[in-house]
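Have a look below at one chain only, the form predicted alone, in structure tokens format.
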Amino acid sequence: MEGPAVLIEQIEVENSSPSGGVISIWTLNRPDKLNALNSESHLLIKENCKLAEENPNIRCIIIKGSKPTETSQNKKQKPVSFAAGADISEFSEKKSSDVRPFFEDNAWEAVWNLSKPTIAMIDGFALGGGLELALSCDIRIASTRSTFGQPEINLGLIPGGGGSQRLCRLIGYGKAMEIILSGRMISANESFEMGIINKLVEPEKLEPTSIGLAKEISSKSPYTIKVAKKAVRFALEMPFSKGIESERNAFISLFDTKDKEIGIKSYFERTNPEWIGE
């Protein structure tokens, strides 16, 4: 038995302020299925998004795939995978009325709507729904052996977890069209050049790089981090002039917070700020 489809681990952030800060690591745990997302995966991700929002100690979330299980000598070793798409076996013989409830309340939007910062730690395949999960995260860090794609067109489908929308906003209309209409796999280098991923590292550096960035983010004021994430989202959801106005209002509002005073004081005293999250 593999256990639950998503495993949760907390890593303590040393000297966090407020105290008790942790990085929450969510591991997609279906190694024999290349961590393909199924109904259980979606349910557990949605549940943990709710728990993360309610837990003030969680400062940053990392999502990754489990490593392939060891095989005997006479069996071929499965490749590494972040998430190789959706579990296609759950699509067979389904009609629109069958799948609508699932897709209208899914894990991709739950991750996208988190107020906490999220990092996709990608090693291996990130295809279809797997790539869409990575795109739902704020930041993507990938190993050089990773492969990306939206192959739904090969099944007579299109991306259904926000892939067409988030890819277009991330890398532009033409590149998004090329990926979605061709259904082809994209190498890690090409994905980095397109801007799908933020950082490209060797496999052995993937975990320390991802955790290092999560710790850096977690050292900031948790309240200000939420405001900053919301402000950047304005660029995707509002006309430019409205986005500028919303950013300005968010910036001005921070002048009434205690953390702003703590940050300014620490700057002049050349000390590490002791945030209180207010």
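Each residue number is its position in the shown sequence, starting from 1. Owing to the predicted nature of the structure, the values given are computational and were not obtained by experimental measurement.
Not pictured, yet referred to below: the form predicted together with a small molecule.
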The chain here is shown without the small molecule. Which stretch in 93-101, 144-152, 113-121, 174-182 comes within 4.5 angstroms of it in the predicted bound form, by heavy atom distance? 144-152
Given that the small molecule is left out here, which of R169, K199, K205, K78 has a heavy atom within 4.5 Å of it in the predicted bound form? K78
Let me know the one among C49, I58, L213, L34 whose heavy atoms come within 4.5 Å of the small molecule in the predicted bound form, would you? L34
Quick check on D138: any heavy atom within 4.5 Å of the small molecule in the predicted bound form? no
Using 4.5 Å between non-hydrogen atoms, is G161 touching the small molecule in the predicted bound form? no
When the contact criterion is heavy atoms within 4.5 Å, does A107 count as touching the small molecule in the predicted bound form? no
Is there a heavy atom of F125 lying 4.5 Å or less from a heavy atom of the small molecule in the predicted bound form? yes
